[in-house]
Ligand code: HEM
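Starting off, we have a lone chain in the form predicted alone, written out as C-alpha cells.
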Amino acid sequence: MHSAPAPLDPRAFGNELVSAQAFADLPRIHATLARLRAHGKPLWVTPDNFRPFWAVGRHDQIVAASSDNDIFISSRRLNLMSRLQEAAAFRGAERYGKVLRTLVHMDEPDHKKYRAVTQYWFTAAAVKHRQAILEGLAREFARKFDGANGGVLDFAAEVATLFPLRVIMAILGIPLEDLPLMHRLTKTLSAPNDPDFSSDTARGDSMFDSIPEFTDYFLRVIADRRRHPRDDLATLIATGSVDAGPLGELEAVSYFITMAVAGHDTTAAAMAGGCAALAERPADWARLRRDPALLRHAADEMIRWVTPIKHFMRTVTRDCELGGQAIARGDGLALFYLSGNFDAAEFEAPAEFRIDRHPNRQIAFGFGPHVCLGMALSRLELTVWFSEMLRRVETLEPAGPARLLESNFLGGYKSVPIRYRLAERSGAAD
C-alpha cells in the first residue's frame, strides 16, 4: 500500500519553482516537478519576493487551462517575475504605459486580430517556401565541423545559439552586421538571472535594459519598410493593419521583439538540447543516419525533452475549478509546460528520450488559441539542420558536461561540448 506524498510547504516549494538556478539543474528541477505532479492538483505557493500563485504541473490541467481563454487570461500576468522585476517593468512603461504588448500578452478579441497579421506567413505550407534559405544557412554552419578543431566543438555556442538567430534575421530582413546586437539584446531579455547575460542577477532588472534599444532599432526598421517595402517578414509587420488601421508603435515593436527572442531562443534551446541528448545516445545517432525519415518524430521529441518555455501565467476571471481545486477570481496560475511534458499520465516512459516517439502530444508550443505561431518554422529548422548534420557527422559523443541557462522562463543551453568524427563522404565542397 502506497503512502500519501508528504505535504508540500507553500513557501519553500514556491521558492524552488521560481528559482532560476533550479531550472539550470535538470535532476533538481525534474524532481521538484515530479512532486508537483504527484500532488495531483494545482498547488498554492507563496515564494519569497514573488506574488503567490497556483502551480499547475499536470498535462491535462495545463491543456484545460490553455483551452479556455475566457476564464484563464494572459494579459494581467504573463510570466513569473519577482516583485523587484515587476517594479522595474512599471518604471520602464513610461513611453507606452506598458513595457511590451505581444501576442502572448493579448486576450480576445485583440489576440485573434493581431495574430492574423502574420498567421498565414507561419503556416507549414508558407514556411516550406523558405526552406532553401534554411538549407543554405545549415550548409554554412555545418562547415564549422570541417575546420581544424580536432573533432571537438561547443555545439551550443558555435551552432545552436547562432543558426536560429541567422534564420530569424534572414526572414525578417535584418542585415548580418547587426548579428552581435541582436544576440546581446535577445539574451539580456530572455535570461535576466543568468550571470553570463545579466548585469544584476540578484534582482534580474536587466531583463528590461534591452527593450529601449530594441524599440529604437525596430522603429527604424518599421519606418524603412513603410517607405521601401520588401519581400520579408519585417515588411509584413510594418505594413500590417488591425481594425483598418496600422499597428500601433507598441504592438509593432512588440511583434518584432517576439520574433527576435522567441523565434531565436526557443529553437536554439531545442537544437542544443537535442544534440546533447543524441551525443549521449550514439545508437540513436546511428539509427537516424540509417533512417533520416525519423527526424520528423525526433524533432518533436527534442522539443518535448527541452521544453524551452518553462511556463506561462494565466489569471482567472471568475471563480472556477481546475483539476478538482477551487480557484478564486483574480488568482494567478503558472502553467509549467516542462512538468506537463514529463507527465507519465500522458507519455509512456517520459524520462526516456525516444527519437521515434509517436504520438507525441508535447505542449512545449503551448496549446489552444495561444499555441506558438512559429511552431512550423521551428520544426523545419530542426529537421533541416539535423538532416545536414547527419550527412556530415558519422559519430557523436559528449566532450564535457553541458551547461544550462539560469532561467525559470525561457531556458536553454549555454554550452554543449561534443566530440565527433566526420563521415567519409562529407567535405567542404558544397
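A residue's number is simply how far along the shown sequence it sits, counting from 1. As the structure is a prediction and not an experimental result, all values here were calculated from the model.
The same protein also exists as the form predicted in complex with protoporphyrin IX containing FE (HEM); that form is not shown, yet it is the one meant from here on.
Undergrad: Of the residues 338, 237, 259, 160, which one places a heavy atom within 4.5 Å of protoporphyrin IX containing FE (HEM) in the model of the complex?
TA: In short, 259.
Undergrad: Of the options 55, 405, 377, 389, which one has a non-hydrogen atom that comes within 4.5 Å of protoporphyrin IX containing FE (HEM) in the model of the complex?
TA: Partner contact (heavy atom, 4.5 Å) among the options: 377.
Undergrad: Let me test this: is every residue among 168, 312 and 381 within 4.5 Å of protoporphyrin IX containing FE (HEM) in the model of the complex, going by heavy atom positions?
TA: All three within 4.5 Å in the model of the complex.
Undergrad: Would residue 267 sit within 4.5 Å of protoporphyrin IX containing FE (HEM) in the model of the complex, counting heavy atoms only?
TA: Taking the distances in the model of the complex, the answer for residue 267 is yes, it comes within 4.5 Å of protoporphyrin IX containing FE (HEM).
Undergrad: Flag residue 111 as yes or no: does it have a non-hydrogen atom within 4.5 angstroms of any non-hydrogen atom of protoporphyrin IX containing FE (HEM) in the model of the complex?
TA: Within the cut-off, so yes.
Undergrad: Would residue 370 show up as a contact with protoporphyrin IX containing FE (HEM) in the model of the complex if we use heavy atoms at 4.5 Å?
TA: Residue 370: yes, in contact with protoporphyrin IX containing FE (HEM) in the model of the complex.
Undergrad: Given that the partner is absent here, does residue 115 sit within 4.5 Å of protoporphyrin IX containing FE (HEM) in the model of the complex, heavy atoms only?
TA: Heavy-atom contact with protoporphyrin IX containing FE (HEM) at 4.5 Å: present for residue 115.
Undergrad: Taking the partner as it appears in the model of the complex, which of 394-402, 24-32, 45-53, 359-367 has residues with heavy atoms within 4.5 Å of protoporphyrin IX containing FE (HEM)?
TA: Careful reading of the contacts points to 359-367.
Undergrad: Within 4.5 Å of protoporphyrin IX containing FE (HEM) in the model of the complex, which residues of 278-296 have a heavy atom? Give them in sequence order, or say none.
TA: Sequence-ordered list is empty.
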